[in-house]
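As a starting point, one isolated chain is supplied in structure tokens, in the form predicted on its own.
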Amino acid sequence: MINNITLIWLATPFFIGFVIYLFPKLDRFLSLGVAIFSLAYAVLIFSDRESWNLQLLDSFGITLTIDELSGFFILTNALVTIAVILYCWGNNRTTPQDNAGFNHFFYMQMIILHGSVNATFICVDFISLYVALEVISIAAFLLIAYPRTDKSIWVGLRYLFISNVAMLFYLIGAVLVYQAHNSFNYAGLQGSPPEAVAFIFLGLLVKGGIFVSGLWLPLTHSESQSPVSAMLSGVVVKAGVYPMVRCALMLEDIDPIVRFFGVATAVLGVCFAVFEKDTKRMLAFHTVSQLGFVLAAPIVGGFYALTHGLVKSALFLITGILPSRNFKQLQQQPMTTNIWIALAIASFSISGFPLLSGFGAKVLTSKNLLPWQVIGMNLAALGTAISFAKFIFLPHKQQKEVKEAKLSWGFWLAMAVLLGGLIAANIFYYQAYTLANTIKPLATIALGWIAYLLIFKKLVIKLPRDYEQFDHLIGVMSLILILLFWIVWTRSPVLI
């Protein structure tokens, strides 16, 4: 029974995607129905609490595993997609800053992207993952280039080219795993040649926006339309992160590698974010940093991915309706109190403030760190509090005192889904609410706010962007490949 439900659920987004093209007037209803189906499937996973394994074709074919870890990622994908569809529905004609409506082509790509991301969250063989990641690349490219401006097309092509180069390395690694074990299963990494691990991880690091391999991400996420940025940052990058988390849980040799990149990514991303003066670029750098938190403690990465997906999608949608992307200008232009409250709730959650699920996710992650990870992750948490103080301390006034266009019902419904989800997700780890657990996050946030008000708010440092140039990004891939070879071959003691 569950096997049939899984296969129907897996195929539905692709089938509906083509149906939308035949019946364009039903685009929003059908898209929303698919996302709600995913939400129901995630609830089924959590209600059953058993791990389901499906072997399709033969022993060398498609392998699927559905468990609680998959459930967190699928739930994230469902809620973010529902929120983005509602947002687009309410802004179907035009949006203040994006200046483009959303037609049936947009919804079709959105729902195909949703389905292919879901596929990455349940497959445990490299060839199925490869197919799903390639479909994600194409759908994401079409969504990024949707406005059909010169800049959007260039940003989309840049994303597609970098993604394809990374996946070429990945495919070579997958073939090497098959050559060693006659199987594409993730478990085949154990005992495979070191170059297989290096090639596969290079592909996943780039797709997931991890460490310096993720420096393509700030430009791509910040220059896309707000709903697309919400999808990219909320769920798409997790399609590259989830396989690393799964491999770390399956194989002891992989766990230290994943944890190492988790800490390095968390610190690197936050170092850029604290100095960034552009709202969307700051959020994009923080996506890099927060993905590091997901990898730093793989066993609880699913819960952290859920809270991050909800927060980051909400923040990208909110920044899309602000009058400016520049923090300096926003400090001179008060926003309405209603928008500020939504912005503050999301910022409090990602900073680790109690009553929101970001608090439980940070506590749970900190309890599952190894001793050598603690200092780096504490610095990253402090940097997070400093970064989001930029939003929390922005000025705001009542609606009647501010000249702003009235927001659509779609925006507020999207906020209800995402911010309501942040409160409801506390149920997954309500045990976090003890006095001992509360002191450290509150102290970190207080220290971060003081540092922001006394130091970082007054700093004017313009970060160079040369490293985001296309040729530099390709060069960085070569350096990461060398680093991966060194890690796998030497089994560096720094990772133990």
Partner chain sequence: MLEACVIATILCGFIGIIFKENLVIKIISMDIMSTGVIAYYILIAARDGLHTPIISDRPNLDYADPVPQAVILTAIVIGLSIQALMLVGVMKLARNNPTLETKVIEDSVTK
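Numbering follows the first chain given and starts at 1. Quantities reported herein were computed from a predicted structural model and do not represent experimental measurements.
The form predicted together with its partner chain exists for this protein as well; it is not shown, and the discussion that follows is about that form.
Q: Does its partner chain come within 4.5 Å of a heavy atom in each of Gln179, Asp471 and Gly475 in the predicted bound form?
A: Yes: Gln179, Asp471 and Gly475 each sit within 4.5 Å of its partner chain in the predicted bound form.
Q: Of the options Ala119, Ala389, Ile127, Ile82, which one has a non-hydrogen atom that comes within 4.5 Å of its partner chain in the predicted bound form?
A: The residue in contact is Ile127.
Q: Using a 4.5 Å heavy atom cut-off, which residue among Leu413, Leu379, Ile172, Leu355 comes into contact with its partner chain in the predicted bound form?
A: Looking at Leu413, Leu379, Ile172, Leu355 one by one, just Ile172 meets the 4.5 Å heavy-atom criterion.
Q: With the cut-off set at 4.5 Å between non-hydrogen atoms, does Trp409 touch its partner chain in the predicted bound form?
A: Trp409: no contact with its partner chain in the predicted bound form.
Q: Could you tell me if Phe327 has a non-hydrogen atom within 4.5 Å of its partner chain in the predicted bound form?
A: It does not: once its partner chain is placed as it appears in the predicted bound form, Phe327 has no heavy atom within 4.5 Å of it.
Q: Indicate whether its partner chain has at least one heavy atom within 4.5 Å of a heavy atom of Leu142 in the predicted bound form.
A: Leu142: contacts its partner chain in the predicted bound form.
Q: Going by a heavy atom distance of 4.5 Å, is Asn103 a contact of its partner chain in the predicted bound form?
A: Asn103: no contact with its partner chain in the predicted bound form.
Q: Please determine, with the chain shown alone, which of 161 to 169, 282 to 290, 308 to 316, 74 to 82 has non-hydrogen atoms within 4.5 Å of its partner chain in the predicted bound form.
A: Comparing against its partner chain in the predicted bound form, the contact stretch is 161 to 169.
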